[in-house]
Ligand code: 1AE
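The form predicted alone is given below as one chain in structure tokens.
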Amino acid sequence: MGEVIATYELTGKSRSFQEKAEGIALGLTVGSWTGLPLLEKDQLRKYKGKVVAVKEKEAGEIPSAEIQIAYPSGNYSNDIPAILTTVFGKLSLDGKVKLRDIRFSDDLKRGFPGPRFGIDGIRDLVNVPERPLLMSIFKGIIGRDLNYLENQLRAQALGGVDLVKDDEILFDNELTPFDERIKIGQNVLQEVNEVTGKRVLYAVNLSGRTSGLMEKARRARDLGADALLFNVFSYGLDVLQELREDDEIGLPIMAHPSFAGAAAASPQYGVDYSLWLGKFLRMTGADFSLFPSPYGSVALEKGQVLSISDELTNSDRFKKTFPVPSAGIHPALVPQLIEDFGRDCVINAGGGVHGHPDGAAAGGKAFLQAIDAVMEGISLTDSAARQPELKKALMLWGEGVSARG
């Protein structure tokens, strides 16, 4: 019989955690055990939660412990909503409890699709086999018209980026309607391809009422969309999985972390970021997972960020998902990004592209020059001596980096 094993971190009184763990294992499965007739115990045994481990932590003023509980698969249907409700539904309301991880048995994993394209498939689409990919973002687009969007997309694409995405707060509206964004995107990127020979993917923000998302995504595919940006935590992980599994859609999906902090930001409550932005997004089908970098103004601790990246790229039955560390990224950070995340990451920049003194096209070129320098083992300073775009970027943003945590 398959099972999931949930790992929690609890705070409470010292030497009380074994009893607490037993209460959780029973309370979230069969409800009670002591005093049941032997026949009922025999009938319910295969549904009973089991305490796997209790490890009390000695360090710190407030006692805490890591506990692991196994939940048999007969207790739930094999979907994220049912599993989350089982292992953390009412428990999430019970004081200082953090869900650190859920380990799935192999038979349960087979019920999840993983990414459609994954890292290797995305590399094939943009014909970039080795280096980190470069992505830019539409900025200042709210309240602007399609002509503004068209010009901004063209500048970014001419700068050599591999991907461009909508801002997550760009929804369907009168000035830049969803369908028209896709049509203009395809026209502009085809023009750029004819000039440069490079294919650039544009991820349009899939938004609106949940009941209309599947039809809207299929329409996007019919209009020629390259990829979808999706605010998964505003809708739910199961919606992401439905989008991934629909073969009539069949597009790469970028999962945006908007609203993820509501469930994951607290160190003592909610869900661990590595599970939320890492394992779950990979299992349910995201080809890209965006998350705050440890360097910018909206920063996570470096250990948390690296744990997300590990869940996205470790050895598993699923294709690997591209880690996309974001927020506050500029060309001077490229060496640190590649050191921390390796070549299989996406370097994602908004202000770091658009804020270049010579515009977005020069901003993209500066990033690519920095990436090439790192891949060739050349310092940014030496590379900038012969590349004006990178030189101006380093003059603006400097060459240092400080990571949180």
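Only a predicted model underlies this, so the values are computations on that prediction, with no experimental measurement involved. We number the residues from 1 along the sequence you see.
Missing here is the form predicted together with this ligand; even so, the following discussion is about that form.
Stretch-level contact analysis of 181-189, 160-168, 314-322, 122-130 against this ligand in the model of the complex, using heavy atoms and a 4.5 Å limit, identifies 160-168. Proximity to this ligand in the model of the complex holds for all of H256, S297 and G351, with the criterion being a heavy atom within 4.5 Å. Checking A225, L290, L206, V334 against this ligand in the model of the complex, a heavy atom within 4.5 Å turns up for just one residue: L290. Among the residues T86, S307, S326, Q241, the one placing a heavy atom within 4.5 Å of this ligand in the model of the complex is S326.
Using a 4.5 angstroms threshold between heavy atoms, I137 counts as touching this ligand in the model of the complex.
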